[in-house]
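In the form predicted on its own, a lone chain appears below as structure tokens.
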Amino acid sequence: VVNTFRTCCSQGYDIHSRQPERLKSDPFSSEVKPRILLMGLRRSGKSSIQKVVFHKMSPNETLFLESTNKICREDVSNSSFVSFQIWDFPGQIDFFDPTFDYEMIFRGTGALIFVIDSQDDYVEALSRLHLTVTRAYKVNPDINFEVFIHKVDGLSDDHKIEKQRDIHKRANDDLADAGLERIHLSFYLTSIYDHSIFEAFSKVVQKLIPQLPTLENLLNIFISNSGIEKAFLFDVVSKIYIATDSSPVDMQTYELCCDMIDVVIDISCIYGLTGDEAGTPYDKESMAIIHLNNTTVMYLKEVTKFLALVCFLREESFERKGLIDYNFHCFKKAIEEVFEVRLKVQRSRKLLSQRRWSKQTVPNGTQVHPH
């Protein structure tokens, strides 16, 4: 098992190596964060999504948010894997205005999320979606285009499916009419009043992680050698799962994972820290076991400062806890090696950048512009 883990780790990549470069004010900067754009018409729910997922705001509190009237940019750096910029665009802004440099924005974008209000007439939204996608694709064909069919909490299951089918058909027909069938749109039914918005964001973020195949492979090896039925690698802060094994994801299972993480953090905040201790209540000692009433056991273990492994297994399999813990130790070591690969690539890139910068500068400090 250990050797197999190490083999998989050697296949790790730099998280940012395949992302478009952004403008750097620091010539020695080696961090290139993927950019996620939140777009859509006014009152479609863009700011509410951001506040609920990344700021732990209660969905009911979002009712009092003011309409966004300027581009809001935020860095999300909760962990080494979940690291990107979110740009929230006001619905009324005309970013195709000649004075607006939309090429610079799209050139550095990893994913574009377009939010459509499912409870409103979405004809205008589909028109704006088509215009946005076609312009962005011409600038950067590597962008992942994601469509959130939002506010579906007030719709029946049949109505949700009907809405998704209709929006999917209209959006793709518009692209086909324009001869752009090669553009792929991903559709998600979302609501801030359940876990669907977290699962949708998980899918978006996973596409920005080049190590995803390596992480999935490691999880597959771990569960097959430990008698585990399902495993998730979670970012604890945002409750986004950055990887899972190859078996299908059940929404109820995902919701149980999110609830377990909330319970662990809440109890740790109350009982885990003394008054003079500082820092996060989640650390290398964090661990939790929950026995469900259907003979299933949920097992949570700390992987890194911001990552947790949440597993589902049968009670009879949990009797071999020693084997599970040993395999988990191997898994954790493999994850650390993936991080080390990323850091080595970043350091070599930084060194290369410094050398290039020094070659373009003469001894008196005057910059030379090569022809």
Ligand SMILES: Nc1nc2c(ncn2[C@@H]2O[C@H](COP(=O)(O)OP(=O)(O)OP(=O)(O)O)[C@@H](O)[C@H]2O)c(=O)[nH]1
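Numbering starts at 1 and follows the sequence shown. Bear in mind that the values here come from a model prediction, so they are computed numbers and not experimental data.
The next section is about a form of this same protein that is not shown, the form predicted in complex with the ligand.
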Q) For the chain seen here without its partner, which of 300-308, 333-341, 63-71, 315-323 has a heavy atom within 4.5 Å of the ligand in the predicted bound form? A) 63-71
Q. Are any of the heavy atoms in S44 no more than 4.5 Å from a heavy atom of the ligand in the predicted bound form?
A. yes
Q: Determine whether any heavy atom of P90 comes within 4.5 Å of a heavy atom of the ligand in the predicted bound form, and answer yes or no.
A: yes
Q) Could you tell me if Y188 has a non-hydrogen atom within 4.5 Å of the ligand in the predicted bound form? A) no
Q | Interface membership of K230, the ligand in the predicted bound form, 4.5 Å heavy atom rule | A | no
Q.
To verify the annotation, which of these, I116, I113, I192, I223, has a non-hydrogen atom within 4.5 Å of the ligand in the predicted bound form?
A. I192
Q: Identify, from the list D153, D174, E216, E255, the residue with a heavy atom within 4.5 Å of the ligand in the predicted bound form.
A: D153
